[in-house]
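Only one chain comes next, encoded as structure tokens, the form predicted on its own.
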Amino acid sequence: MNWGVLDRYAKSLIKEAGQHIKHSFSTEIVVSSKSSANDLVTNIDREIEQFFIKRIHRDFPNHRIMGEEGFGDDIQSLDGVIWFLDPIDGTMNFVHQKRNFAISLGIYIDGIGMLGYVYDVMADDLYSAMKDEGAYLNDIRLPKLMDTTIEEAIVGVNASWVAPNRYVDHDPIIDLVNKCRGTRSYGSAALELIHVATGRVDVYMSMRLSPWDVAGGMIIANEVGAISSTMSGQQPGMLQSETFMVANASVHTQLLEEFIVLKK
């Protein structure tokens, strides 16, 4: 596999898709909900996913695609080359704000992340990484992360995980919120991963994310020294929804040991 060629192809496809999304603001956007009233999908999500799938299947017929909107392949194993795609990560932001959303794409071979992309469409910022080759914002290489402490850290966490919930003991999370420097929540997992990769945020955690949410950003974050795992400390399995955390390496273990208590 010529990863350089595939990298250039993927970047071109992402930029073309981004233009389609921008042009959609002058058309009617049809919004509906999936699992709940807060789980939104639009006709643009579906159109962009179908755009990617049509092109990838045409140009790389042996590659498989796992897409959020379900137009890709039925992925039951990580064998071969798989594209993990979220056509619009942060659909609620897309609908309500017309910003703070991203195209998220990760390309893996036999379960190993090789190419990762998060495209902040409205800012025209393309974050990308190739395994063992560093991470970039457009053409500027991102520096390795500096060490930090819990007391100095900014933590990306949704307020719902601080309230009583069925996934995690909220009391240690409250303790974390009280000890850290501050908290943030941006409404797009892909962009949250980028905020960790750029040092804007030091930790991001979520109790339920799908492979397409994290596949691209995880490769980028790992290239600058962040550590990605489930909230039980395992490598993400990439076949189903799981808990997820990405953190500056200097605080990752402490977070797992002191602040994360998953419910049975």
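Predicted model only: the values in this text are computed from it and were never measured. Start at 1 and count along the sequence shown; that's the residue number.
The form predicted in complex with a small molecule exists for this protein as well; it is not shown, and the discussion that follows is about that form.
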Against the small molecule in the model of the complex, would residue 227 count as a contact residue? Criterion: heavy atoms within 4.5 Å. no
Taking the small molecule as it sits in the model of the complex, is residue 193 in contact with it (heavy atom to heavy atom, 4.5 Å or less)? no
Is it the case that residue 148, even though its partner is missing from this view, gets within 4.5 Å of the small molecule in the model of the complex, heavy atoms only? no
In the model of the complex, residue 115 touching the small molecule (heavy atom, 4.5 Å): no
In terms of non-hydrogen atoms within 4.5 angstroms, which of the given stretches 73-81, 135-143, 165-173, 180-188 touches the small molecule in the model of the complex? 180-188
